[in-house]
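Presented as structure tokens, the chain that follows is alone, the form predicted alone.
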């Protein structure tokens, strides 16, 4: 169980690009990063409006002189300081991820980036080579994938508790884009513009969360081919989608379905994943994040509760609240940021042995998310045809 004990020698000097007062994700990043004493926020370029960004940074307790107009100024001035920033979170619209990540790596800074990582697999592979050459970490923030019950499911699959996996059923939907974008804030509008969002809307914005979650639970299974059907129910969002269904065939013969939608009117936001094996099934939802449904064929259905000693060590080791209290999104983000901090610390110490056995969502996880998106778009653009997964 995690309890706040120091897990790296000192806090990493940390900065943010984006994530300001009007952003939707900045507080989630700060909640995750600052919880365990593994990061210290020292600087930021929080907003396209430099004055507003400076005011916001000062309100967070930063020195005004370390609240910069843009990422270029942040990099130039922080790398000139002996106590300059060491790791930078990029919480900006998708189109800027690649250029800011590359600039940070070129300057010798570790990166933590929002998803989807970049627009293309080619960009991901270029950044992976650059990070390896410079000896730097690139981490990616995938929401609930730090939740202890996600890793409980992974342990159950790995130990054969479910038998051979046959069915993968994934859902992430909400209704907050059920109306048109008239009067919507910029934080919403950029997500439906191909120039700023990239080749997808909900597939990249929320679908990649569940795809990576499934990779954690089923690391031994690979998608062989898929079919993607996507639609913009609000016509102005085309060619991007606000609703999509993806069917997947896995290399062991399993079948998968992933449904994502932001026009599920009345739905306040729900992630649900069910993994069905030849012996039993498990299901988890963020609507009841402290519970895991465990159904064994021919036996009474069971509810497993997080933090209880009958769970696997893989889930118990990253539990924070204990069984009496619910673990949620903030706890998951804290785990993700902690794991990335440990990876950065190990990289700085040259501890490659630690890194080989250490789990964290890194550049490869980001690349596979973009690869999945490229295949989804290729299928949808071919008339929702089955395509071989490349």
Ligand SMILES: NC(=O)c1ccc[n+]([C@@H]2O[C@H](COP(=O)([O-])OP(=O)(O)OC[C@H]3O[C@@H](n4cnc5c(N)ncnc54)[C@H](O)[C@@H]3O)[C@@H](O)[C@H]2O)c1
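Here the structure is a predicted model, which means the values were calculated and not measured. Positions refer to the first chain, counted from 1.
From this point on, the text means the form predicted in complex with this ligand, which you will not see here.
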- Task: Please name which of the stretches 221-229, 122-130, 109-117, 76-84 has residues with heavy atoms lying within 4.5 Å of this ligand in the model of the complex.
- Result: 109-117
- Query: Of these, 212, 294, 144, 98, which has a heavy atom no more than 4.5 Å from this ligand in the model of the complex?
  - Reply: 144
- Assert contact residue (this ligand, in the model of the complex, non-hydrogen atom within 4.5 Å, options 139, 315, 199, 93) equals 93
- 4.5 Å heavy atom contact, residue 336 and this ligand in the model of the complex: no
- Item | Non-hydrogen atom contact residue 369 with this ligand in the model of the complex at 4.5 angstroms | no
- Is residue 48 close enough to this ligand in the model of the complex to count, meaning some heavy atom within 4.5 Å? yes
- Item | Contact flag, residue 259 vs this ligand in the model of the complex, heavy atom cut 4.5 Å | no
- Could you tell me if all three of 17, 24 and 205 have a heavy atom no more than 4.5 Å from this ligand in the model of the complex? yes
- Task: Heavy atoms within 4.5 Å of this ligand in the model of the complex is the criterion; list the residues of 187-212 that meet it.
- Result: 187, 190, 191, 205, 209
